[in-house]
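In structure tokens, the next block holds one chain alone, the form predicted on its own.
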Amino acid sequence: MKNLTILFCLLCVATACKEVSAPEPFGPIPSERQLAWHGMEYYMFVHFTVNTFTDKEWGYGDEKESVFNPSQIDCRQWAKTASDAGMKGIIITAKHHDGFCLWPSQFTKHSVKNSVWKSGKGDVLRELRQACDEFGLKFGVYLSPWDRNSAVYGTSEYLTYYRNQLHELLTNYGDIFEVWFDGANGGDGYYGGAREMRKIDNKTYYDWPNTHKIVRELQPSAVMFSDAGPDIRWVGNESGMGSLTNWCLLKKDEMYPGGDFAKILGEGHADGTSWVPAEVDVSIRPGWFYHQSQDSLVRSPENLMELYYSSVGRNSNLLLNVPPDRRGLLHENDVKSLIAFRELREKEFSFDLARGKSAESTEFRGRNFIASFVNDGDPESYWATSDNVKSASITINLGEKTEVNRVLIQENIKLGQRVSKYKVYAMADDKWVQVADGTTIGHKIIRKFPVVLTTDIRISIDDALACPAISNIELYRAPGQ
């Protein structure tokens, strides 16, 4: 019997040391362009147009071009602020619902070319593109499908007009990382002087598949945003709240931009047929465009920190709107809050307590998928279980009693999104105490909990759609609490 026991142990060791194949991808997986987007996490939205000067949120379309005159505009200030704030890109409202174009479009008179700014020789997009390049930021564009200025909106002729403008944006301003399609479509407007109500069928009118082809052809690395993708989806609200259960998956063939899908978009679909992760868009002010009356209502650094936890911390990217004022500058109050927010984040995540510490798991696939890969600092390595094992746990030994109040977990999403239920425990007073629990993980989740003095943290994957594949676990002791 003793010899059989020794033989069994040797077989176990041999299996553990064996290099095995990686798990097969499960379900929909992200494209290269989507993986790059996931890695950005936090970037700036810039709402800027005639509304800035008329003190409106939605322009009617009859605004005179001469009203647009940002006499001190400095796109370098925008980009420097974004960079200093830790953002990785800027998306600008090249054209909002009022139809006014921030570039000298050859297809309309309603643009900067007929403004007094720079005697009609200016181009906001060109200046911002150059500023983004200088500060190492990616550049994105918002082109509203609705146009309250265009005389042909609501007719088939408008599609040609819209796609011509899209072509201008995608061929004249370098690499674009995201193209943003709004869901607001149709209603009352100026419409070239008609001043009437125009309704469209937003499910069919825009012929989105053929518009998407233009983006794929001209900017193959760009992701496209709308309520229903095709690459990135709206989170379903503008309050900065991602869903605690947040699948990167969506049955997008059943959905279309502007549809009544808000209740679905937060959580997504566990059995979704496409990879369409959520983006949280929210403004640093109550409005999306600048209003002097809101100068005292800028979100505090602490409030922005909460937005970070409810967006990036819930498997979403954060698109934070910071609107330039009538000078063409980001207001001092906004800039101050953004920089202080970055300082808060740096304090919150200043030192990863888990990095390089001993890690053990209840099960692992083989020597190339062991527990210690979750805290080795290499985003390409990961822990995975055998194919038939959908629940297992990892325990990280901190070496000594340590205060902890934050946990960050990431799946290897190149293999799909798998985890559907997890718990986090801490060893305190010689017993395991649950400090957090949840459902989905995806690209990244960050959970807060009261400070616990512990020697060990255990992450238990209680259920998954396929064998878990965890690429990263980090632990922190954030200030306060």
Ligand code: FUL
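Everything numeric in this text was worked out from a predicted model, so none of it was measured. Start at 1 with the first residue shown and count on from there.
Keep in mind that the form predicted together with this ligand is not shown, yet the notes after this line are about it.
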4.5 Å heavy atom contact, W288 to this ligand in the model of the complex = yes
Give a yes/no on whether D281 approaches this ligand to within 4.5 Å in the model of the complex, heavy atoms considered.
-> yes
Is E238 close to this ligand in the model of the complex, meaning a heavy atom pair under 4.5 Å apart or at it?
-> yes
This ligand contact in the model of the complex: F45, any heavy atom under 4.5 Å = yes
In the model of the complex, which of the listed residues (R406, H110, R314, H96) lies with a heavy atom within 4.5 Å of this ligand?
-> H96
Assert contact residue (this ligand, in the model of the complex, non-hydrogen atom within 4.5 Å, options W180, W275, F373, Y308) equals W180
Of 151-159, 96-104, 193-201, 128-136, the segment with heavy atoms within 4.5 Å of this ligand in the model of the complex is residues 96-104
Is every one of W58, Y142 and A184 within 4.5 Å of this ligand in the model of the complex, counting heavy atoms?
-> yes
